[in-house]
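Okay, here we've got a single chain as structure tokens, the form predicted on its own, with questions on binding and movement later.
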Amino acid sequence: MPFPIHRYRRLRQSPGILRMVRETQLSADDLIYPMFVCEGRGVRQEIGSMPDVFRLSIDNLVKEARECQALGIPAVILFGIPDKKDARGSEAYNPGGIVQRAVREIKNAAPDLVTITDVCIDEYTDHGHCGLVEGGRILNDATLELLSKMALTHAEAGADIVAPSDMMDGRVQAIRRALDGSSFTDTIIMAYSAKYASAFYGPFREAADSAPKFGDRRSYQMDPANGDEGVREALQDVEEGADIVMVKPALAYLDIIRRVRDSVNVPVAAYNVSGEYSMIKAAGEKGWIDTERAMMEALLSVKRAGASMILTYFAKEAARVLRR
């Protein structure tokens, strides 16, 4: 029936009514907190382009992990910053590497906290690319062996979930075979399936010291113009054995999150990336927006688009708001 029979404002009259009819619920259970771990002791170095985000030595990382657990955040994801880099990223698959040691310490201190590891060699290579380089080309198949070795050392250290973010073709299958062949059949794979070559990664590359030293990553990360391709990537990763698929970035790709959600039968993660975080923080510091409201609105939009879980640097702040 036309107006005035249907007055939608009737359902907006009070906070109680708004809560009763709310279609999308955001909770701390939806959040995953990314953390950067570096060598040393007592290190807590704020990242210039990411206010309130730090590079942490393992002792401080463990404290932060416990804080996440106390806030009701179920999971963290670790990014390693090694002291040594080389062309093959050999520290990435060193059983005594920075992430491998961090995983062991977190699992000792907070065994119920789900520990996820990023599986990519870009942070460990002296050229900054996500694969082996030969003659200026990024080698796909030769990189798969290194990614498999890296994932296996993470599983051996106690990681609950390994998350390949490299965008090499076939890496999910290679990692699944390596894990299963070493009796890590219960280790979960969260694949960065639709990872776009985005301008929103800049602050992360400062944090992880992972900017490529030549060229860019457009030969392996996806063209932002392509939506159908993102769905194909996610479907292939599921076929290869991914337990969870991811869309990255989140806010500029809400349509892709929805399309992937409608196409796969596994949980869908979305990464609210560094540039998205830093824009809100910077505008809030200028007084141009209400930081807290913008943060919660952004996260709610990602959940509304269909994400089952959200990787976000806002996780701790949002969890505090959600507890009120």
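All residue numbers are counted from 1 along the displayed sequence. Source: prediction; values computed, not measured.
This next part talks about the form predicted together with a small molecule, which is not shown.
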**OP:** Go through 140, 221, 94, 236 and name the one with a heavy atom inside 4.5 Å of the small molecule in the model of the complex.
**Re:** 221
Original post:
Taking the small molecule in the model of the complex as the reference, which of 120, 175, 159, 99 has a non-hydrogen atom within 4.5 Å?
Top reply: 120
Subject >> Output flag, 79, 195 and 274 jointly within 4.5 Å of the small molecule in the model of the complex, heavy atom basis >> reply: yes
**OP:** Tell me, yes or no, whether residue 313 is in contact with the small molecule in the model of the complex, where a contact means a heavy atom of each within 4.5 Å.
**Re:** yes
Original post:
Closest heavy atom of residue 253 to the small molecule in the model of the complex, within 4.5 Å or not?
Top reply: no
Subject >> Partner proximity in the model of the complex: residue 217 to the small molecule, non-hydrogen atom cutoff 4.5 Å >> reply: yes
Original post:
Going by a heavy atom distance of 4.5 Å, is residue 127 a contact of the small molecule in the model of the complex?
Top reply: no
Original post:
In terms of non-hydrogen atoms within 4.5 angstroms, which of the given stretches 24-32, 62-70, 290-298, 266-274 touches the small molecule in the model of the complex?
Top reply: 266-274
